[in-house]
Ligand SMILES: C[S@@+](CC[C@H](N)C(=O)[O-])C[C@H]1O[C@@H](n2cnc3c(N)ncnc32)[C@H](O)[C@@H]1O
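Next up: just one chain, as structure tokens, the form predicted on its own.
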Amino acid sequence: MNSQMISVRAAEPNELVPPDYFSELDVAGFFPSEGALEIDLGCGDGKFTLEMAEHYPERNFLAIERLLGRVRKVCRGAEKRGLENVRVLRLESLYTLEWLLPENSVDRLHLLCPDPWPKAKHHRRRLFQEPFLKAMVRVLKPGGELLFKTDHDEYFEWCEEHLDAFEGLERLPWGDEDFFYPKTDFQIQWEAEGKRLQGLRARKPA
């Protein structure tokens, strides 16, 4: 990631622009108040992040997205709604987990409908595998949680297998009424077609 290429444009409102893309980031310093930190990896159009931030004003939300157009949309959506507890970082998800986020700093990490890379020759590109799980456990606080959803049945089975084989997380039940969890536009469209999303919830042992 070339930090000079990113810094030539003006930052959007609510955008988090690290002073150094090769050093650990003081995430808390970019929010006006202290609070539990939640990360939305690959936030897309930001609907999920913005609704969560409205519902949980006492928590801070960092949305990670690599596409500039989406970053701008989420930043402006947060500004329009007056959400001071939202920041958006334009960067790759795995790089952010491995290098920028401090150890034991995240309370909940959300991964919703990542690219399933359905062809077998592309499975190596899937995010949900051991390097991701190790990086995620590094940044989660003891007792912190991963919340994952996908519309792709084979990818869900893949993720279950990788999670079950990984010793750093314990599976938790996840019912629809357990806590507020808004649906993305993609999920709403998918369910309107009679299809389903499947979810995994896991916790880093305290």
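Residue indices: 1-based, along the sequence shown. Computed from a predicted structure; not experimentally measured.
Another form exists, predicted in complex with the ligand; not displayed. Remarks below refer to it.
Only one of the listed residues (L112, A135, L83, C75) places a non-hydrogen atom within 4.5 angstroms of the ligand in the predicted complex, and that residue is L112. With the partner omitted here, the residue from E98, E79, D107, E92 that has a non-hydrogen atom within 4.5 angstroms of the ligand in the predicted complex is E92. Of the candidate stretches 40-48, 157-165, 27-35, 139-147, only 40-48 has residues with heavy atoms within 4.5 Å of the ligand in the predicted complex. Proximity of R66, R70 and D185 to the ligand in the predicted complex is complete: all three residues have a non-hydrogen atom within 4.5 angstroms. In this stretch, 123-155, the one residue having a heavy atom within 4.5 Å of the ligand in the predicted complex is L127; the partner itself is omitted from this view.
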